[in-house]
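Just one chain is shown here, as structure tokens, and it is the form predicted alone.
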Amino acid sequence: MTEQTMEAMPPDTGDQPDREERSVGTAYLAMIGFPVGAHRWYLGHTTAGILYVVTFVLLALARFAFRERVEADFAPIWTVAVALVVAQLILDAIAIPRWVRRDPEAPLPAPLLILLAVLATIFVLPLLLDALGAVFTAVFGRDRVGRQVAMMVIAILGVPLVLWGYVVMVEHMLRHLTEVWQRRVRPWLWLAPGLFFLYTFLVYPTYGTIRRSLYDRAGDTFVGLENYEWFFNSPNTLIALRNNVLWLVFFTGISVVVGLIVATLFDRVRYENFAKTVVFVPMAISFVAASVVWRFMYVWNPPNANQTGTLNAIIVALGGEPVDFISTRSINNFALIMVACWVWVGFCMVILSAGIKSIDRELLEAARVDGATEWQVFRRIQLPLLAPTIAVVTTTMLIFALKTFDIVYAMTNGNYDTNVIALEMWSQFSFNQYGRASAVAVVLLAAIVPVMAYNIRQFRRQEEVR
């Protein structure tokens, strides 16, 4: 024999079954549907071959025994389990040439043990869910809440375990590849979970929404662009478009300008950190909470009554008449915009302040030594150097303005001509007008995508400069 032939032959050990036994084992596994895993038996891993058979048989039994539970509660988990099984078979098929040259008495690979753990989890999950559900039901007093909390606990514990199993199997496969293929394949395998979730929660829903917008309310009849025709001819949607334009202009302008002014002024004071913290605090609360706070600020009572709203109390104290900020159509949109500005100014301030800190101090001092005033230093040096940062902050505010929802929903629910596109989409969905709601969502997406693309391009340019 040649040296290459001898190297390719499996090692000769006394514990390894003879050729006839290996053939019988291979044929047996092949007959029951596991030809890829049969090489484990062929290479002397008798225990591994048996575990393959037991794993798949028990997996099938689990699917049959818990059929209703799997379909109702554990469909994603079952999908992951089957994916792990298939991945193991693929990895073993890739590993055959290497295993031929390895010690047949090598320990069982970790991925096979992970499969057994997944199988055990599938058996235990229904029982675990029932047990935890009973415990949390006793705690919260409601069966539905108890089951939801139990599912949340299981998900918190299960997701990291699944990711750990995936990483172990990926590295197991890569050990059987050459270094060149490892460098080529490893990044994609590590990106695979992220790409999977990106497709599942972004790409596929986007496609489904676009497709659903071309169908009627029930989703059975193709209506083409009828839903879009409704959108551009309905008075409510036109009002929503107008209001979104107001949000784009005034919310973005006020937030960025005030944030820039505050960041510039606070950069020169001793109590800079404290002042910035005070301005940033509203960003730490939710928009619904901010809406509740400002509803109390905007409370209006008749002129002869006591004004419990802060702003109207100040107006009356100064000799003016109380103003109904929420119901007055000429000012209510601006009142809502001010709530969003109160929250987002802190964000703009922090980002712009970081940009100001990155400017070389020697450049500013040189300009001052040459006789430049503070206004000239700001307008001719700081502002041009801050242009990329201002662009990023502006586009971020534009995106928020386009998808504004929670503040309007919590304060007016779209009444008094304060409706916006995102709230209109929610309203149509609440009315079971899924085709129209999808059309509104597609219009909102079409408006946001160019702004996001510009934001990404500016960010890349800024990174290139750095």
Partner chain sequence: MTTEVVGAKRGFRIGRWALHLVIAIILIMWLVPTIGTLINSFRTETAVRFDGWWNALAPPYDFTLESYRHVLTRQGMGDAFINSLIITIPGTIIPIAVASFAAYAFAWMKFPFRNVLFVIVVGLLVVPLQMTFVPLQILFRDAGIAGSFLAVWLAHTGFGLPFALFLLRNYMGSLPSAVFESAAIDGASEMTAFFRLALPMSVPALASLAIFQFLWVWNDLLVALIFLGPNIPNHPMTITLAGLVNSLGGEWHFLTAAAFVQMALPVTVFLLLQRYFASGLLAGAVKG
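Positions refer to the first chain, counted from 1. The term rigid core refers to the most C-alpha atoms you can superpose between the two forms while keeping them within 1.5 Å. Everything quoted here is computed from the prediction, not taken from an experiment.
Keep in mind that the form predicted in complex with the partner chain is missing from the display, and what follows is about it.
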{"property": "Segment that reaches the partner chain in the predicted complex - one of 244-252, 376-384, 231-239, 148-156, heavy atoms within 4.5 Å", "result": "148-156"}
{"property": "Interface residue in the predicted complex among V323, L177, A335, V262, criterion: non-hydrogen atom within 4.5 angstroms of the partner chain", "result": "V262"}
{"property": "Contact residue in the predicted complex, from V223, V281, A366, I315 (heavy atom within 4.5 Å of the partner chain)", "result": "V281"}
{"property": "Residue contact check: T418 to the partner chain in the predicted complex, 4.5 Å heavy atom", "result": "no"}
{"property": "Non-hydrogen atom contact R361 with the partner chain in the predicted complex at 4.5 angstroms", "result": "no"}
{"property": "The partner chain contact in the predicted complex: T328, any heavy atom under 4.5 Å", "result": "no"}
{"property": "The partner chain contact at W181 in the predicted complex, heavy atom, 4.5 Å", "result": "no"}
{"property": "In the predicted complex: members of 247-282 within 4.5 Å of the partner chain, any heavy atom", "result": "V258, V262, L265, F266, R268, V269, Y271, F274, A275, T277, V278, V279, F280, V281, P282"}
{"property": "Large Cα move at A150 between this form and the one not shown, threshold 2 Å, rigid core", "result": "yes"}
{"property": "Core-superposed C-alpha of T328 shifting 2 Å or more between this form and the one not shown", "result": "no"}
{"property": "Exceeds or equals 2 Å, Cα of Q182 between this form and the one not shown, core fit", "result": "yes"}
